[in-house]
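Have a look below at one chain only, the form predicted on its own, in structure tokens format.
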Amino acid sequence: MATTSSTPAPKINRIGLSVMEYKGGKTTLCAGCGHNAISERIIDAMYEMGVQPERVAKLSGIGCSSKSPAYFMSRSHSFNSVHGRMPSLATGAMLANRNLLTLGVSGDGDSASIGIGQFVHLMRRNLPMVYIIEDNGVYGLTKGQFSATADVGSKLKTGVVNDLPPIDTCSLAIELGATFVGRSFSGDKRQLHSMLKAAIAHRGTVMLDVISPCVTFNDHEGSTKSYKYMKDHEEPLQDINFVPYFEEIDVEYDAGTTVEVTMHDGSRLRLRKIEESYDATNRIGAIQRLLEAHDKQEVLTGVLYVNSTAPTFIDLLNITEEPLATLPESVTRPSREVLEQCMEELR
């Protein structure tokens, strides 16, 4: 008797999509590049959170990192901007359509050098978006020169030693007003995955600095952004557990060892302390801990700071609930009478 074999149906998420529908094009980055690992975690997080791909706007600037949006979520909106100018584009996109989930992917050169001015103003406005810095400490597209996040004493493959102090984008983001700041390592799948899911649920500026070793120019002895250095110097602040609003949230845990933050949509971010004294809701304490870690040559990873109650830039502007992009001309274009009245008031 003939037998028939059937291929099992692909697993789908809560909105009926398979993980394949969150994929992008084939990567052209170097084999083993940490940026590819970050793209994979983004795909997994978006799939598990049940995000509609067409609701996502992917934005980037210039650099190896800024190529990454092509490698995930091909059904989403996407725009590759001028070097360092992605924050302006993100601001315009969010103001035009507040229903978008905006995801910006940048690099340490794109954000901390040519784009530092735009980065600063984006952080202080608390625009509701996820901003990921794929941080490898070098300019990978222009043969591996040091970027502004390279540590003092870090050495290039050519033997050149960096003499300039680094810009810590996490400290800067916390000081300026970002409301969810974290640092992770592209090689830490579990931690980065949990942080990305929490970032998707957060309403405000999320800034994630992800150390992502450049396998071509900055993954050697003497580099402070190499896989080996990260493995030897990483200091995780907490174990991270994220429970989305659509899942059962009544989870038991030992009292006194966990900080729980409720996100705007009802999701829960649970941070089980490794260091008993660390509180991720303490803004001043977060900056102090980062400074202490820098002096000890530690690389702190985890959720460094979170504030789920601060108003966003859109809240402060009192913009209508309906996206500006969908408003009719009768609402967005003042009549001649209204313009004449305005002119009369100015005379």
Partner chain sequence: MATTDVTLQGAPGRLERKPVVNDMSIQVATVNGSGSQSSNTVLLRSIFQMGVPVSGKNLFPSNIAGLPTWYTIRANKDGYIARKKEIDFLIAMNAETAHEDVLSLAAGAAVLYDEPLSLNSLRNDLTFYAVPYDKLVAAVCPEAKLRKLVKNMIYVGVVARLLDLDMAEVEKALRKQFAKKLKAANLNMAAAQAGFDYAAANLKKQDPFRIVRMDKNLGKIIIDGNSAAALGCMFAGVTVVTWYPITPSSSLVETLIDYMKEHRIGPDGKATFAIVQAEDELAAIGMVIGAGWAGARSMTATAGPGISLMAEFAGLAYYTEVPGVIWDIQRVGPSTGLPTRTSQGDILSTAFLSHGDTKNILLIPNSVSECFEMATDAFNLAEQFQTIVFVMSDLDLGMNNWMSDPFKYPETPINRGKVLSKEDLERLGTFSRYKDVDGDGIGWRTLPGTDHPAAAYFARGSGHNEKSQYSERPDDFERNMERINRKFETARSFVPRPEVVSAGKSKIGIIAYGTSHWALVESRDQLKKEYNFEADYLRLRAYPFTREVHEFVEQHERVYVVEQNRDAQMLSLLKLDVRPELVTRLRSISHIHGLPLDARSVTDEIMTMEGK
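Computed from a predicted structure; not experimentally measured. Positions refer to the first chain, counted from 1.
There is another form of this protein, the form predicted in complex with the partner chain, and it is not shown here; the text below is about that form.
*Asks:* Tell me which stretch of 315-323, 32-40, 286-294, 300-308 has a heavy atom within 4.5 angstroms of the partner chain in the model of the complex.
*Replies:* Selected range: 315-323.
*Asks:* Hey, in the model of the complex, does F246 get a heavy atom within 4.5 angstroms of the partner chain?
*Replies:* Answer no; every heavy atom of F246 is more than 4.5 Å from the partner chain in the model of the complex.
*Asks:* How about K225 - does it come within 4.5 Å of the partner chain in the model of the complex, if we only consider non-hydrogen atoms?
*Replies:* Flag for K225 set to no.
*Asks:* Heavy atoms within 4.5 Å of the partner chain in the model of the complex: does N80 have any?
*Replies:* Yes - in the model of the complex, heavy atoms of N80 and the partner chain come within 4.5 Å of each other.
*Asks:* According to a 4.5 angstroms non-hydrogen atom cut-off, is A96 in contact with the partner chain in the model of the complex?
*Replies:* Within the cut-off, so yes.
*Asks:* Counting heavy atoms only and using a 4.5 Å cut-off, do V160, D163 and A280 all touch the partner chain in the model of the complex?
*Replies:* Heavy-atom distance to the partner chain in the model of the complex: none of the three under 4.5 Å.
*Asks:* Let me know the one among L176, I167, V261, L100 whose heavy atoms come within 4.5 Å of the partner chain in the model of the complex, would you?
*Replies:* Exactly one residue meets the criterion: L100.
*Asks:* Please pick, from S171, Q145, T216, T91, the one residue with any non-hydrogen atom lying within 4.5 angstroms of the partner chain in the model of the complex.
*Replies:* For this set of options, the contacting one is T91.
*Asks:* Though the partner is not shown here, which residues of 120-141 have a heavy atom within 4.5 Å of the partner chain in the model of the complex?
*Replies:* The stretch touches the partner through H121, R125.
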